[in-house]
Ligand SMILES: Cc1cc2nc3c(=O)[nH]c(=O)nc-3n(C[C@H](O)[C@H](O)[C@H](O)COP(=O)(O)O)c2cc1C
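Shown next as structure tokens: one chain only, the form predicted on its own.
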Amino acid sequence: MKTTVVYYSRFGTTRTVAAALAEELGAEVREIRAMRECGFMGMGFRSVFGIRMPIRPMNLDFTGVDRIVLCAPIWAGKPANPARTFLQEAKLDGVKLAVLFATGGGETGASVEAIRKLVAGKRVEVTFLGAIVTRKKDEAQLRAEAKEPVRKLHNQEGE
């Protein structure tokens, strides 16, 4: 199964998780980058009010890709805005989308619902891999924790 790991990381923590996932899966990696980053308050404000954050040009064509693993942080209880913009713009029809959140802790229910709404009407099969709590963890700990979602993916696919 051809897999691509797509991630957005404001401070590098989600990048570490995504890199570990890609390594374990033997997958291509694509980074979502915001056109303009903002501070902590701006991130939270944009997230709460659903203000769109444009992303830098990237390859949004997933023809030939069977599965996308999206790694995104949660801002103010919702997926980071650049990740939401990606889901709105990407050509996802016919792919399996597995979502892994990077979070400081707390509930992921609103984030799961936001993802479901963003892909509604697209021909996408969505799986939620859960969340990795990133607070106070070093790179080795994050890389080790990224192995569990990989096992979960392999179990789901019977690989």
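Each residue number is its position in the shown sequence, starting from 1. The structure presented is a predicted model; accordingly, all values stated were derived computationally and were not measured.
The protein also exists as the form predicted together with this ligand; that form is not presented, and the subsequent description refers to it.
Choose one stretch from 61-69, 42-50, 28-36, 122-130: the one whose residues place a heavy atom within 4.5 angstroms of this ligand in the model of the complex. Looking at the partner contacts, the answer comes out as 42-50.
Might Gly109 be said to contact this ligand in the model of the complex, defining contact as any heavy atom within 4.5 Å? Residue-level check for Gly109: no, no contact with this ligand.
This ligand contact in the model of the complex: Lys137, any heavy atom under 4.5 Å: Although this ligand is absent here, Lys137 would stay clear of it in the model of the complex, with no heavy atoms inside 4.5 Å.
Taking the shortest heavy atom distance, is Arg10 within 4.5 Å of this ligand in the model of the complex? Flag for Arg10 set to yes.
Does Pro82 reach this ligand in the model of the complex if we count a contact as any heavy atom within 4.5 Å? Pro82 lies outside the contact set for this ligand.
If we check this ligand in the model of the complex, which of the residues in 50-78 reach within 4.5 angstroms of it by a non-hydrogen atom? The stretch 50-78, when checked against this ligand in the model of the complex, contributes Pro73, Ile74, Trp75, Ala76, Gly77 at the 4.5 Å heavy-atom cut-off.
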